[in-house]
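Quick setup: one chain, the form predicted on its own, written in structure tokens, and binding and motion questions come after.
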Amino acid sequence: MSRRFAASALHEFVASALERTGARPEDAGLVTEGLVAADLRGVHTHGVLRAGIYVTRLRAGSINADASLSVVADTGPVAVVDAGAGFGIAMAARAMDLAADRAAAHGAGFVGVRNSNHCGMLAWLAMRAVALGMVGVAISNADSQVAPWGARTKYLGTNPLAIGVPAGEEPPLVLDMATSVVPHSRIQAAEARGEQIESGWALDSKGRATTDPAAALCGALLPFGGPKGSGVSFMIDVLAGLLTGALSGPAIAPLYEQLDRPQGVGHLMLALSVEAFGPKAKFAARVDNLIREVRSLPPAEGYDRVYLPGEREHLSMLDYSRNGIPLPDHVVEATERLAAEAGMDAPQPL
């Protein structure tokens, strides 16, 4: 079941809840924009559902309301910044903007972020570069939830990756994926609904495949694609964690535990200037042509058509912007709990 809400109502509610808890308006605005953007794209695991834990961590002091990006190292196209344990979404957004600035000057910009917190849906970060006509790449490590290939205990994070590519007349190409089969919050949602999970998603505490979400939460998620996904996750932890000087693997504070300790997450933001490779219009036309060719391929049995990376989410955004965002019941209940805790009125459905 779901109920539809206006994006503007969700934005006003979340921003107000964050500001009431001590967030600066500029940080609350960026965090809220990132969360609502996820719900508009149908990625409810990273939407307003997360506002409650951000408020909890802000109250506990593990999110620093007064943090700002400080430059640790600067070599022109490459910069390393310290997020000061601030809001991960806001700090990662500013890091991507800095990467885009460097790409405008040098053709490419790389910004490593240390001492950060959970940074939300990475597609929104990559699309900040896309909005400037650039290619955007965002990676982040995360708290330990995933068993490396062949292991029985969790060590790696869900360690997501997003790549955004601008097009011309077509919507941009946007890949956004965790390196686990499913995000941790999907297991939590299944447990809350009393539903089983699919085999191949997780292991129990003894390293056995399980369809019981409670057992999975005591065990470990599995990487997508077996050893390939495990390898991608491992390298993201190296690049976003070790290379940037952030924490890594089990050293990262779990998002929903150790609430008084900053997570210490690391991110790596990359922006590429299309014009550094050739004429922007020519590239846009080639991307459009690629999209149309792939979309026109005959679908396999059981499929109505071929979709490009990010296309389904783009179509959701068009629908939800016009007709309201259909929030699942467990997300609505989370907003109602946050409203009660903050002494606010919960957003009302359309």
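For the two forms, the rigid core is made up of the largest set of C-alpha atoms that agree within 1.5 Å on superposition. In this text the structure is predicted, and so the values were computed from the model without any measurement. The first residue of the sequence shown is number 1, and the count goes up from there.
Omitted here: the form predicted together with a further copy of the same chain. The next part is about that form.
Just one of 132, 214, 259, 235 comes within 4.5 Å of a further copy of the same chain in the predicted bound form, counting any heavy atom, and that one is 235.
Exactly one listed residue, out of 315, 65, 60, 294, brings a non-hydrogen atom to within 4.5 Å of a further copy of the same chain in the predicted bound form: 294. Looking at 273-281, 116-124, 188-196, 91-99, the stretch with residues near a further copy of the same chain in the predicted bound form, meaning non-hydrogen atoms within 4.5 angstroms, turns out to be 273-281. For residue 254, no non-hydrogen atom is located within 4.5 Å of a further copy of the same chain in the predicted bound form, even though that partner is not displayed. In the predicted bound form, a further copy of the same chain lies within 4.5 Å of some heavy atom of residue 180.
The closest non-hydrogen atom of residue 202 lies beyond 4.5 Å of a further copy of the same chain in the predicted bound form. a further copy of the same chain in the predicted bound form is approached by residue 246, whose closest heavy atom lies within 4.5 angstroms of it.
Although a further copy of the same chain is not shown here, in the predicted bound form the stretch 9-31 places no heavy atom of any residue within 4.5 Å of it. After superposition on the rigid core, the Cα atom of residue 260 is displaced by less than 2 Å between the shown form and the other one.
Once both forms are fitted on their core, the CA shift for residue 169 between the shown form and the other one remains under 2 Å.
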